[in-house]
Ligand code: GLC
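Coming up is one lone chain in structure tokens, specifically the form predicted on its own.
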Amino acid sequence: MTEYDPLLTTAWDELEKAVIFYRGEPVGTVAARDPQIDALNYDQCFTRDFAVSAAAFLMRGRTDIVRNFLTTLVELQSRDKHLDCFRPGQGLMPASFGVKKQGPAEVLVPDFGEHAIARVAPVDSGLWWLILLRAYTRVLRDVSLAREAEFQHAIRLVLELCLTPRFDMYPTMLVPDGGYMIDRRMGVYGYPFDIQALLFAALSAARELLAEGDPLVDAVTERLGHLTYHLRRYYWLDFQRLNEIYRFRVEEYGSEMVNTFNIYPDSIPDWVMPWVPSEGGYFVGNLGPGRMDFRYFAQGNLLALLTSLASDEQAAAIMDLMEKRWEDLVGSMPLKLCFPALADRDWQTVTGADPKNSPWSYHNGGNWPFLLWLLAGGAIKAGCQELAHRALDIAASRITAQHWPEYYDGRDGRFIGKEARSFQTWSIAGFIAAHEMLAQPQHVELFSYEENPTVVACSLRVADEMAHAR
């Protein structure tokens, strides 16, 4: 028995109530079960949300529902190559799906963004699918499902969608506003770190899942090496790097440039200088031509810990930052999605004056309990379990009595979100998964990665080439 047993029993009961069945088999979980608010599409299974439910189920040995989910997404994946801009592109996996009655039969109804707010297609669905498929094979210690012809084809389609030739000359992936978990306009267009860390995890999973001899393995390995160098070098911010940016020269030209993205020192926000400690650091939220978004985004930084995208030194610095800025990043309910919030004219301009994303609410600086599972996994990987235990204690003191809200508001996360749904499934599953990992740290291996020597060698080769170019 543990101090959390009554809470965990309640949480598991709520998670079981969220399960969706298709033709008598469990295939996913609904996004939320709030009896006070119209369901809208929250009675569907969101792909990114189910990743958290799947983590909890896999740690309990409930592989059936995860296998069914993985198979369902293969069935729903867009397979046709076409030039019709109003149809999902080849390889795209749905943002969500529901089960509908059609006469006496049941049918699956996917949503590729056609019904989403602002009609944005999901960038992250296929990436989470790859990560879950790899976690499923690790639980069973059996890759036979992943090696089936249909699954190998699905893996290749997702990879081709991510690695396809494009106008970019960066290893990162271009993302529109609203294309992933932050599904409203938040100024994350371009190359948000959350998605780059997710891409790194998905490519790492695919490298293990592809059949031996598949020519895509080499392409994936090369991209992972390029991503490792690019993200560790250009997205990383600590005091030393901040001081370098502060002294940047601009309008440089040629192979010897230092200010690669032409970042103007005057663009450094006032809050950054005092906030970055002498020790500690993090990966900035976004980077592109003439632009560095200095905001801290939790999901990307925690994924970087879990997947070894962060070096050992960077991992230690991220956890050091969290400890030093605990009130800002955790506060009264783990965990702040991003810091700081956009306010005043910035909020009006960047969010389009979105009232749901008012300062310190929802995606604009709100606190999201589902992130507990990534905090637990990242903290264990970095050897800082005590911080995750501390965060879990904070969540346990409030979350069940407040009916598992979707998110919390306020600079310190004290208030239940003004439009937060109750009985949000990934809030429930995130608590369960965090507890399971802290109770049995070996579970972290389902979602974590060690540095791969081949990828590291590729990254070092890129660094050498860049140095010689100068």
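Sequential numbering from 1, following the sequence displayed. Since this is a predicted model, take the numbers as computed values, not measurements.
There is another form of the same protein, the form predicted in complex with the ligand; it is not shown, and what comes next is about it.
Per the 4.5 Å heavy atom criterion, the ligand in the predicted complex is contacted by stretch 48-56, the sole one of 65-73, 397-405, 48-56, 428-436. For the options 191, 129, 362, 97, the residue carrying a heavy atom within 4.5 angstroms of the ligand in the predicted complex is 362.
With the partner omitted here, the residue from 317, 242, 341, 181 that has a non-hydrogen atom within 4.5 angstroms of the ligand in the predicted complex is 181. Contact check for residue 42: a non-hydrogen atom falls within 4.5 Å of the ligand in the predicted complex. At the 4.5 Å threshold, heavy atoms of residue 420 stay clear of the ligand in the predicted complex, well away from it.
Though the partner is left out of this view, residue 27 does not reach within 4.5 Å of the ligand in the predicted complex, counting heavy atoms only.
Although the ligand is not shown here, in the predicted complex the stretch 131-151 places no heavy atom of any residue within 4.5 Å of it.
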